[in-house]
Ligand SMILES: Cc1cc2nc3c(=O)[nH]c(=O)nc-3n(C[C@H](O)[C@H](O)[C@H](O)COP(=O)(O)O)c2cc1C
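Before any questions on how it binds or moves, here is one chain, the form predicted on its own, in structure tokens.
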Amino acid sequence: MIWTKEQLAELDGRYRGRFINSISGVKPANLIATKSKEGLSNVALFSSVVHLGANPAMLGFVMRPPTVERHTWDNILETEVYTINMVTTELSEKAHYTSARSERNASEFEWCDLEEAYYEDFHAPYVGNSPLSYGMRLENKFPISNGCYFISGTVEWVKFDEAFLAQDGYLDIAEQGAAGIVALDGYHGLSKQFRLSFAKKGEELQQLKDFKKGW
């Protein structure tokens, strides 16, 4: 079956949204946590976090159009800091619940039963029951033609479990139970199949042996 651009446009909006969100495959499930200058914390689910570079360490994500009140957007613009927190399969239901609309003065940390934690004097909280969290500082915001914004930021600090860190720098998130999302509501557990050697033309690929984890 093939659907053209015109046929896609004729689909029911919610149906089309789920379908298009599905074709990009499994995306990382992350919670982005912020806090307003007044001290109101907020945490929301995102599936669009991507790596942008390692030197300096940068990541980005897509923010939906700010046509309605968006607490994450407001807090990032106001304070320029936020945290990104890996969602595990164990946390997926609590993480999914953060997508429900709430009042400005209601913290998702409380009513979604997520642990609000802080690293030193960094203004934005992180999710204490996530095994991988990192503090971000806003670098730029780029408008997209559909009204969304692409937010880029630099990594200020990373909290992780060194037991899952290989000697070559590979952090095994699958072994920690990382969850992925298909569309807006399909949660998947991840399993690592193998790692492959650096690709060079004319050389046969090799499966890498497991590097010893931990320090």
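Quick caveat, the model's predicted, so the values are computed rather than measured. The first residue of the shown sequence is 1; numbering continues from there.
If you look for the form predicted in complex with the ligand, you will not find it shown, but the lines that follow are about it.
The closest non-hydrogen atom of Tyr187 lies within 4.5 Å of the ligand in the predicted bound form. Taking non-hydrogen atoms only, Ser107 never approaches the ligand to within 4.5 angstroms in the predicted bound form.
Residue contact with the ligand in the predicted bound form: Arg70 places a heavy atom within 4.5 Å of it.
Contact check for Ser99: a non-hydrogen atom falls within 4.5 Å of the ligand in the predicted bound form. Judged by heavy atoms within 4.5 Å of the ligand in the predicted bound form, the contact stretch among the candidates 71-79, 86-94, 119-127, 135-143 is 71-79. Residue-level contacts in the predicted bound form: of Ile173, Leu165, Leu59, Ala44, one residue has a heavy atom within 4.5 Å of the ligand, and it is Ala44.
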